[in-house]
Every structure is written in C-alpha cells, then in structure tokens.
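Shown here is one chain on its own, the form predicted on its own, set out as structure tokens.
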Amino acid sequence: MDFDLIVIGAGLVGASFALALQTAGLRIAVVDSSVPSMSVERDDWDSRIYAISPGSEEFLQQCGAWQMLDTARLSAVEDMQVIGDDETSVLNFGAYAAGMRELAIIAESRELQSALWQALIKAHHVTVIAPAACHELVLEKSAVRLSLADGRILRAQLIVGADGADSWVRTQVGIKVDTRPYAQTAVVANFATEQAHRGVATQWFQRTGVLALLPLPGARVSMVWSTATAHAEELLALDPASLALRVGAATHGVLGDLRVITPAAAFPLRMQRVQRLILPRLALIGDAAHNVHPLAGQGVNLGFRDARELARVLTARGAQTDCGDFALLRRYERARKEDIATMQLTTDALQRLFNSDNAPLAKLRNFGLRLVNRQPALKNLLIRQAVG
C-alpha cells in the first residue's frame, strides 16, 4: 500500500483536490470513513446548499465534476441585496454591472458530493479506500505511515488532511487550533415561494441574526438564518406552517407566502484559526485548515481555493520528486495565508459589528452599507475578490 500522496477525507474539498492532480504524475490514495450515497432522480431538495463562486465553478470544471451536475438543479445568483437592521439601508451587488454572467451558482451539497465521488472512483490516478477508519498517523523523516483500524498500513511521501473542522489528522500531529464559538446556530430550510425570486439573493442583517434567502430553481428558495442558539432552538421547534409564517414576517413578505419543502436543520457556528497549514510531509486544506462564519457564503470557496493552490504547487514541482518536501509545501502555505486571514478577519468583524446592540455601532454599520452602495468601483472590487 505505497503511494505518493494520501488524502484523508473525500468530501467536497478533499475529492476535488485529488481530482485536480490528474496531470501531476502522483499515485494517490483517498481515505474516507464512509461512502456517500449516489444522487438519483428525486423531487426533494437538500437543505445544505452552497453558493459556488465563478472561480470555484471553473476549478470544478477542470476536475471533471461540474459537468456531471444536473443543470436543472442549479440556480444562478444574478443580483444580491444586503439590507441593514434599520430596514432602509441597502447594499446592492449586480452581476451585469460588474461585467459578469452571475455572482454565484447555488448548488446542493449532496449533488456536488455525488458528482465529485463519481469522478473520483473513475479517476485512474486515484485509489479510493472507503469506508475505512484511521487508527494511527506517524510522520517520519522520509515518509508518512497511516495505520487503518482493519490492520492495513499505507505509506506515502505526503498526507493531506481534508477531514473537516474536527480534523483527525490535525489532532494526530498536534497542530494547535484557536476555536471561538459564536454562540450562534445556523438554521437551514427550503421553501416554495408565491412570487418569483428573479435570481436575487437577499440578506437581512437583523437584531435576531443574519437571515438569507438564496434562489433555487423555479419558485423555491433556500434559507440560512444565523442566529442566537436559543432563538434557533425556538425556530426548530416550530411546525412547518409556523416556521413559514415566521420567516415570511422576518423577510417582510418579499416573496409572498412561503411553504416549507425541506424540514429545518441546524449546525453550530464557530471560527477556527489553525496555527499552521503545513508540517514536513503534511498539509491541511478546507475546514481542517480554517472555519469562518457563513454570512459571506465563502467557506466552501475558501476550501476550493486551498485545493486548487496545493494542486498547482504539486503539479508544478518540476524536478522535485518528493511531493512531501517541506520547502515545496511552504509555497502553498505562503500563497494561502493572506486569503484565509482576510476572510476570517472580514467575516468575524461583520459578525461582531452586526451582533451588537450598541446604538452608535448600529448607526455606523447602516451608514457603511449606504456609503459602499454609492461606490460602484468599490462594489466591483469586492465582487472580484469574492468570485476568485
């Protein structure tokens, strides 16, 4: 069981990273604790959705996964509207004004996972080992040794942790992580709408948290309500009709009557700053490397940018035969450091700003929305940074 590279985690980021290495000339093993269910034709909608940036879409195209998606289950975000808690301060972003086809594509998590998995098991340069439980990880001077619970031992030059925010890989090697819970929970659900969304994503910064309605195909939207945990529990306890009424009231009925089509689910919110992205013979990508507040919808795109950059570094390694060489991995860490830090700083600052009841801060944040909205060049710059 000798490989050049082992990827732990076959989620969206881990699978895309392995697929992006198809021209790198590396023997790759992808290990995961489970096998995702294959997507089949169905009428229901996944409550977990992602706003895929144009840059991430291009990356997934190169991986051979995006073209496997059912386009009837994708929805383009052509415009975005951000509304302040005074209900009059508005910030508008438009794809047309920025010279773009769309700001993002809304895709379901399970559909993305299914497409990536199907591409992964067909990839000639990848050996998929799943389901498999990891037992022990040892970083040696010239190799990595991974022991599985069933007794198998895998060896490689490099191991990549793509195993999520509670990364087993990160824990095994002792990389420290600074975790700050937000005391908030994201409540997600999908709704049928009375009125058409017209490709507009709307986000409300309210005293009860950040509420977003994102367009799904047809007269449907996906809701993400990041709110205090006690309020989230209250929302989760509501019956579907009551939840629809509550969301309709909070969004001022912009889409008319709502009807729940996917039951509400929830996940806790936190920020994680990881001390290091690399060690000799090890690299972290995706949520194993960082965790951010979902208010900007950039978490998965940040992970895809990790995967794209590390794949680029390894593919362009030239005469270097050791893909786990520390100097090589440093190129990846240096390239990703600024992007990750900027996104963490921005999302954390916005969460703090809009989660405060301080009256002067309330005036300042709403004034800021109005000010930025009057600066087309600044808005276009923000869009360009988000879609990369």
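Keep in mind it's a predicted model, so treat the numbers as computed, not measured. Throughout, we count residues from 1 along the sequence that is shown.
There is another form of this protein, the form predicted together with a small molecule, and it is not shown here; the text below is about that form.
Interface residue among Gly248, Pro240, Gly199, Gly299 relative to the small molecule in the predicted complex, by the heavy atom within 4.5 Å criterion: Gly299. The single contact residue among Ala186, Val77, Ala311, Leu120, judged by any heavy atom lying within 4.5 Å of the small molecule in the predicted complex, is Ala186. From the list 274 to 282, 68 to 76, 159 to 167, 250 to 258, the contact stretch for the small molecule in the predicted complex under a 4.5 Å heavy atom rule is 159 to 167. The small molecule in the predicted complex comes within 4.5 Å of a heavy atom belonging to Tyr50. Among heavy atoms of Val224, some come within 4.5 Å of the small molecule in the predicted complex.
In the predicted complex, the small molecule sits within 4.5 Å of a heavy atom belonging to Phe267.
Remark: Ala10 counts among the residues lining the small molecule in the predicted complex, judged by a heavy atom distance of 4.5 Å or less. Not one of Ile83, Gln206 and Asp348 comes within 4.5 Å of the small molecule in the predicted complex, counting any heavy atom.
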